[in-house]
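In structure tokens, one chain follows: the form predicted on its own.
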Amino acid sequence: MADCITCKNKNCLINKNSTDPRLADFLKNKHTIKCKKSQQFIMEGTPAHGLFFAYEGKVKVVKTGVNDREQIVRFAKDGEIIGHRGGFGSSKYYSISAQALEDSTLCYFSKEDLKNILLNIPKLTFDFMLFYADELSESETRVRKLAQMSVRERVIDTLLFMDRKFGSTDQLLNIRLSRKDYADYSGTTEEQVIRILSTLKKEGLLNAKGRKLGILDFETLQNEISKHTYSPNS
């Protein structure tokens, strides 16, 4: 079972407040869930009973759009929250789906437990408030980018985001995504992504090994989208 006291994820909101004695009973009610690669653990439209935290692994969060087109709205890694738009608050149903991108371990807390603890621990409540504020800001920035960037710029922006989010090793991103995943996050088609990635490789800006991609020239790619007010956190 994933232990919040010894958890390595220091950015996790629960871990940051785990030394508060008022959390002891709350933490006893936590459930640990193991997910295999490609396993879906949240289904859009199903009753929302709680909130997930990624203890270890990588997750994609998906929302269904027009004509049942899937749009990846978020990625989560160790210590990050999943299902917060439905698993906590007034909504009775999850507005998104979530799927493990690799074998992952999740921590699950019920809505009732979260409600009780937030009413009793102001510091944790404040941390959640800051998290939601940051999420709103990031969502607004993403909407603007999708509206103003060309398809090529959106693909480049996605590649830079993946490096900031998950890092790279030996010039390859530390995440394995399909070309469809890149398309669903960039707001374009798989065919367009394949064509743009091929062009970036020919230009010497991108490295590829199977499904893994790697950035070879950060400065050139960042300069290409700089007119959209490139920010290292967006």
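Note that residue numbering begins at 1 and tracks the sequence as displayed. Just so we're clear, the structure is a prediction, and the values are computed from it rather than from any experiment.
Heads up, the form predicted in complex with the DNA isn't pictured, but that's what we're talking about next.
Only one of 28-36, 162-170, 176-184, 47-55 lies within 4.5 Å of the DNA in the predicted complex by heavy atoms, and it is 176-184.
Mapping the unseen interface onto this chain, residue 22 falls outside it, with no heavy atom inside 4.5 Å of the DNA in the predicted complex. When the DNA is considered in the predicted complex, residue 194 lines it closely, a heavy atom lying within 4.5 Å. A residue is said to contact a partner when one of its heavy atoms sits within 4.5 Å of a partner heavy atom; residue 190 meets this definition for the DNA in the predicted complex.
Taking the partner from elsewhere, residue 10 is found to have every heavy atom lying beyond 4.5 Å of the DNA in the predicted complex.
At a distance of at most 4.5 angstroms from the DNA in the predicted complex, all three residues 198, 201 and 211 contribute at least one non-hydrogen atom.
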